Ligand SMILES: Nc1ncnc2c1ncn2[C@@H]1O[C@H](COP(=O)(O)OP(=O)(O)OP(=O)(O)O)[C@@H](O)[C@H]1O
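First, one chain by itself: the form predicted on its own, in structure tokens.
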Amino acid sequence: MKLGIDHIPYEWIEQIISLSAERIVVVDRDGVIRYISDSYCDFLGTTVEYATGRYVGEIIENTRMHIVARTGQAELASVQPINGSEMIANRYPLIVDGELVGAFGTVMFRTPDEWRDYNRKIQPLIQELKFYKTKFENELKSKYSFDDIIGNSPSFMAVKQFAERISVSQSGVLLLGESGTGKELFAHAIHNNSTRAAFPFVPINCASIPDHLLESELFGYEEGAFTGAKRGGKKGQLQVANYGTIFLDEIGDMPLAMQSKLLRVLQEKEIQRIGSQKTIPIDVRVIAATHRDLEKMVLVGEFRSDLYYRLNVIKIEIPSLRRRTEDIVPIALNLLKKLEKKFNRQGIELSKKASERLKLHSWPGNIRELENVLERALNVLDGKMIDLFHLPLYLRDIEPVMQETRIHIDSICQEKREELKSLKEEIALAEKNTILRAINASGGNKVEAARLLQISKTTLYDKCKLHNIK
């Protein structure tokens, strides 16, 4: 006869949990502790009575139980610093009758003595690894979190909350937005909030590296692969980012030849160094960003459609500064705190007139332009209050009414620019529509469609592939 857990006395279950080699905690959807084992409480220096019913962040340092309870994404074999030591934590979502109700977490070791014995053996190795990790990968860390991203406007908060929600995913992310809107800041924050945060964050600006060097930078090379190759070869940035995140900024400027090689990496999860015949498996999350319209680039053949769809798993469009004017002053104050350290100043403020004038400008350069304006003001500032006359001429000499008109005109012009296509794009669109009409007229027979268009069958198939016509 098969017996279930109902046939085991509750006291037995308690004893089994106490004898388990792992400490246990259970939280609900709100991150409130519903159960925690005695052994876990002993290690944390608290009691079951005190911990139960409290928010998990108050009891367990560096916990992510509340995140797993909210996202439903399991996190296995995570390194969690507790009481000055690294513990191995497993966190699982609790799903009952198809509904996410909370999370169940464990950390290894039964008693502090067992941990100390293990710690004496493993800690020297951990310290050595930390030394080399700090020495060689000190710059390969995300520098910003979501707390560093300033803005309370509804449109921006929606984008920020969505980015925070998907950060725990393993899927690729495509960040879109004008120059200076903070795409790299978002990339840093997404990595920092992910399960890959303990591993490298490697940023690459595809527009700043010459085309002939980009392949060796991304994939690396073997010794003797070409004239001037370093002895022993070199790791590519994709390999350096293994288990972590690579941020490909200005992906729209990547050459077509490199796009096909990157696509293979994303599909096969492996790389091949220049001059090597063997492949190297990698596990890396790709976050890409661009200010260009990739869909239009795909249409005119300047960007591979298959790579675009591979990158565009999760798309995040960051609004420009002119579309969230209520965020301008809070961002300016945050930038001033940053600039105070650079100028060795303290207590810098913005006058009401200066604040109002900042809100009237359309900010084509977005946050980057705002930071430049504030830095210029600090260079001419004697006291601690930035006033209207400390701002650049193009800001302070325009009357508010004229400025409002300019913002309105800028907005209209921007909309018109977004509607307007280049001649090359218009020709490509016309060609695509003509091919579609011919295929429809021939009842889907492409041979007949080619005859109607007075082109060869091969040419028609090539153009269908270019325009993504099935």
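Every value quoted in this text rests on a predicted model; they were computed, and no experiment measured them. A residue's number is simply how far along the shown sequence it sits, counting from 1.
We do not show the form predicted together with this ligand, though everything after this point is about it.
Novice: Please determine whether K338 contacts this ligand in the model of the complex, using a 4.5 Å cut-off between heavy atoms.
Specialist: K338: contacts this ligand in the model of the complex.
Novice: Hey, in the model of the complex, is H361 touching this ligand, heavy atoms inside 4.5 Å?
Specialist: No, H361 stays farther than 4.5 Å from this ligand in the model of the complex.
Novice: Using 4.5 Å between non-hydrogen atoms, is T245 touching this ligand in the model of the complex?
Specialist: T245 lies outside the contact set for this ligand.
Novice: Does any heavy atom of S155 come within 4.5 Å of a heavy atom of this ligand in the model of the complex?
Specialist: No, no contact at 4.5 Å.
Novice: Taking 4.5 Å between heavy atoms as the contact cutoff, choose which of E222, E375, D148, E215 touches this ligand in the model of the complex.
Specialist: Spelling it out, the residue with a heavy atom inside the cut-off is D148.
Novice: Within 4.5 Å of this ligand in the model of the complex, heavy atoms considered, which of L350, I331, L299, A89?
Specialist: None of the others qualify; the residue that does is I331.
Novice: Any idea which of 255-263, 71-79, 172-180, 304-312 reaches within 4.5 Å of this ligand in the model of the complex, heavy atoms considered?
Specialist: Looking at the partner contacts, the answer comes out as 172-180.
Novice: Each of E295, L436 and L466 near this ligand in the model of the complex, meaning some heavy atom within 4.5 Å?
Specialist: Checking in the model of the complex: none of E295, L436 and L466 is within 4.5 Å of this ligand.
Novice: What are the residues of 347-383, in order along the chain, with a heavy atom within 4.5 Å of this ligand in the model of the complex?
Specialist: Heavy-atom contacts to this ligand in the model of the complex: I367, R368, E371.
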